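In the block that follows, a single chain appears as C-alpha cells, in the form predicted on its own.
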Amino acid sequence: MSANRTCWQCAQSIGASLFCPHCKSLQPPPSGYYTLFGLDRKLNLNTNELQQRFYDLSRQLHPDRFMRKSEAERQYSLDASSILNDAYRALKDPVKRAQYVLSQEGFEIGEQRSKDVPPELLEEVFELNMALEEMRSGDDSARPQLESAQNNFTNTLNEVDRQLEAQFRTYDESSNREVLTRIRGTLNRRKYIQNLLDEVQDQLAVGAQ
C-alpha cells in the first residue's frame, strides 16, 4: 500500500492506514495479503500473532459496523472482509504462504506433472503402483507394503517440511531470488509426495471396508 495515499473522503494524507486518521473513513483495502495485515513479507510468521491480527481486523472491518456509513465504505468493508479471509487462509499455512510469495515474485505455480517424479523416488513409485494395482484387483497381500509406504511417505514429508523451514529462514535473511527457486523445487517435491501419500491412504481405507 502506498505511503503517499490521500483519503477519498477528505483528501488528507493517510499514509498506509486502513482508516483515515482525520475523518475516520474506511479506505479502499489493499489487495496484498501482507499489506492488509500490516506485516513484512516474511516466510516465517508467528501464527499466533497472525491469528490475533485477523481477529482484530475482522472486528474492525465487519460489514455490520458500516450499515449506516456511506455506500463507498459499505463496499470497502465487504471487499476488505473478503480479502482478509483469503489472506488469513493463505498466510496461516506455510505451504500456501510460500506459494503466495512465489506467485507475487512472478514464479509460476502450476499443477504437479507426472514427469516431475523426484529421482530418488522413481523405484519406490514403480513398486508402489504395482502394489496399488494388486490391492485394487482384490489382492490384500499388498497391504503391508502399502502400510510401509504410508510410513515412509509420512516421514519423508516431515523431512521436507524441516527443509522448507530452513529455506524460509534463509530467504527471510537474504530475500535472495535463488532461494525462492529452491523453495519452489521443494514445494513441487512435497506436493508429489503428498499426492502419493493420499493415494496410499485412500486405497488402504477402501481395502479396510
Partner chain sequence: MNIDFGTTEKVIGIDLGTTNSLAAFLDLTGPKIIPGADGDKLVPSVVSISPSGEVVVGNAARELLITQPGRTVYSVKRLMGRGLDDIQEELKLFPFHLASGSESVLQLQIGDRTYTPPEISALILRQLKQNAEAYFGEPVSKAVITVPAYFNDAQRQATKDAGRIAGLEVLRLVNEPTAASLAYGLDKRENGTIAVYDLGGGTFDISILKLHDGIFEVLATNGDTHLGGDDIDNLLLRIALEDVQGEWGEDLAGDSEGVQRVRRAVIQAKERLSFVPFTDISLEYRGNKYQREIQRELFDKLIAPIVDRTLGPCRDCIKDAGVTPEQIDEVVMVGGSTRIPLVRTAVENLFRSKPHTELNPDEVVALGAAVQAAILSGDVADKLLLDVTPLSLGIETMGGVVSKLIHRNSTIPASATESFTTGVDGQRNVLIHVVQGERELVKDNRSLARFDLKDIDPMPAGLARIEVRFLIDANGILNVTARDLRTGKEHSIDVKPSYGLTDEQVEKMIQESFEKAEQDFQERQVREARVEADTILAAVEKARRHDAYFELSDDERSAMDRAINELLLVYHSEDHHLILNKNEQLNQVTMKLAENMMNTAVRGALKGTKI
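The structure displayed is predicted, hence computed values, not measured ones. Numbering follows the first chain given and starts at 1.
One more form of this protein should be noted, the form predicted together with its partner chain, which is absent from this view; the next part is about it.
Can any non-hydrogen atom of Pro63 be found within 4.5 angstroms of its partner chain in the model of the complex? Output for Pro63 is yes: heavy atoms within 4.5 Å of its partner chain.
Phe107, heavy atom within 4.5 angstroms of its partner chain in the model of the complex: Heavy-atom contact with its partner chain at 4.5 Å: absent for Phe107.
Its partner chain contact at Phe54 in the model of the complex, heavy atom, 4.5 Å: Yes - in the model of the complex, heavy atoms of Phe54 and its partner chain come within 4.5 Å of each other.
Interface membership of Tyr88, its partner chain in the model of the complex, 4.5 Å heavy atom rule: Taking the distances in the model of the complex, the answer for Tyr88 is yes, it comes within 4.5 Å of its partner chain.
Could you tell me which stretch in 54-62, 174-182, 145-153, 159-167 has residues with non-hydrogen atoms within 4.5 Å of its partner chain in the model of the complex? Single hit among the candidates: 54-62.
Along 59-83, which positions have a non-hydrogen atom within 4.5 Å of its partner chain in the model of the complex? If the 4.5 Å heavy-atom criterion is applied to its partner chain in the model of the complex, 59-83 yields Arg59, His62, Pro63, Asp64, Arg65, Met67, Arg68, Leu78, Asp79, Ser81, Ser82.
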